[in-house]
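Just the one chain here, laid out as structure tokens, in the form predicted on its own.
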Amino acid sequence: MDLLEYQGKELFKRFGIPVSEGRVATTPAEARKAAEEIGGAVVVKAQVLTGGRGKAGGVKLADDPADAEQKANDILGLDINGHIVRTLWIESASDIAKEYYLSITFDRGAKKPLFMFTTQGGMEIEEVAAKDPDALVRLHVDALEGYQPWIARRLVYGAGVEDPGEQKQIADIIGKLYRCFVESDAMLTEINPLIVTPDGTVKALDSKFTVDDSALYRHEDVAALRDTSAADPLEALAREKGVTYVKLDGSVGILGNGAGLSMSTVDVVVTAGGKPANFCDLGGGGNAQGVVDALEVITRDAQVKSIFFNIFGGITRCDEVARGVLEAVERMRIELPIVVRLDGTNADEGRRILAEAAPPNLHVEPTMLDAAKRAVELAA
């Protein structure tokens, strides 16, 4: 789950990371009031889950409350990379002497948190890595050992920060950012830029914050911040119904029971010459309501031309799944062609049930590859 900038900054503040004073606004009038409360020059910043806000005109400096109201009027409703601006962050303007970059991400390859720090902040980290890789300090943290003070020293000295005051402040922020990363179950915490003001104060001027979806049950306050307006509508519907679903760009709708089998189904559809329209995991069960919920999500996608059920009965019995499929198809009146492959516990009984009662648009195939080929053919 990605957080908006101001939401990430609220979490930063909880862990003692210094940020600029700001207010949320959703109308020009609210932006004016926020600027009046903050005082002085402010920055009006679009709150959308995408990059490139500045280049798109989503970040503007305002000299006074009236100017903030006008700038807010200009930014609200702006389309930035397909994201419509509906929320603003009105923040006190900061004088900038230096811009650094600091982040922690979870490195899946190493299976460890990865610190990245460079004095070349204010630009995309990929650009820094490509143009001047030696300027970027990378450091993995052993999760069992945890954070140690030497980590901050290695990052700060490795990047070439020379001012003792800056070194001390950055080291403190590094430690707090790691605690924020771990205790929030984050996958990414990024500060770009981490600025130094002319008087030597170091603070976070921006925030990118991604929390592991699987850990949100431990963070109800964070889960409540989810911006549903920016989510894919099908994925949002799936979340409401408790269906594990990822939208893809093909025409074969996929429904499997179990994440591993569902991923294999995606692969076999590609092998058969087709393009999967989604990844959808029914889970361990096969009851009618679960099938209906999954089918309701899949069939909302106008790109879907056929549906491929791939069911392996381990704990789940294939005859129960077959009855669930038939009940779901009858309740929903689905006209799309459906291909079902059953294997495992009571597979023969499941196939018999489908053969005797299935509507004309439901086809049963004996193997995964045969079923994939049929689903691809029917989607053409």
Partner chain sequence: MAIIVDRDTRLVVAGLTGSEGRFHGLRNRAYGTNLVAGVTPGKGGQDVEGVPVFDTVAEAVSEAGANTSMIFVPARFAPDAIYEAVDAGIQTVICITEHIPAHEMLRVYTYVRPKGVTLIGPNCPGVLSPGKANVGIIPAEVFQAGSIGLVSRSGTLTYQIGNELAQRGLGNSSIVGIGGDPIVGSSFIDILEKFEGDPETEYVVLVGEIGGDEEEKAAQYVADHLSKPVFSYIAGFSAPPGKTMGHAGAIISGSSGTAAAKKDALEAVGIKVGTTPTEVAELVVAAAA
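Because the structure is a prediction, the values reported are computed rather than measured. Numbering follows the first chain given and starts at 1. Only the largest set of C-alpha atoms that superpose within 1.5 Å between the two forms is called the rigid core.
A second form of this protein, the form predicted together with the partner chain, is not displayed here; the remarks below concern that form.
- This chain appears without its partner; in the predicted bound form, the one residue of A224, A130, L144, A302 with a heavy atom within 4.5 Å of the partner chain is L144.
- The partner is absent here; in the predicted bound form, the one residue of E99, E124, D267, D172 having a heavy atom within 4.5 Å of the partner chain is D267.
- Although the partner is absent from this view, L261 contacts the partner chain in the predicted bound form, with a non-hydrogen atom inside 4.5 angstroms.
- Although the partner is absent here, P113 sits close enough that one of its heavy atoms falls within 4.5 Å of the partner chain in the predicted bound form.
- Although the partner is absent here, L205 sits far enough away that none of its heavy atoms falls within 4.5 Å of the partner chain in the predicted bound form.
- When contacts are judged by a 4.5 Å heavy atom cut-off, K45 does not count as touching the partner chain in the predicted bound form.
- Stretch-level contact check against the partner chain in the predicted bound form with heavy atoms at 4.5 Å: of 88 to 96, 102 to 110, 197 to 205, 292 to 300, the positive one is 102 to 110.
- With contact defined as any non-hydrogen atom lying within 4.5 angstroms of the partner chain in the predicted bound form, the contacting residues in 180 to 195 are F181, V182, D185, A186, M187, given in sequence order.
- With the core superposed, E365 shows a C-alpha displacement of at least 2 Å between this form and the one not shown.
- Taking the rigid core as fixed, one finds a CA shift for P113 smaller than 2 Å between this form and the one not shown.
- With a cut-off of 2 Å and the rigid core superposed, T244 has a Cα displacement that reaches or exceeds the cut-off between this form and the one not shown.
- Look at D249 and R108: in the predicted bound form their Cα atoms move 3 Å or more farther apart than in this form.
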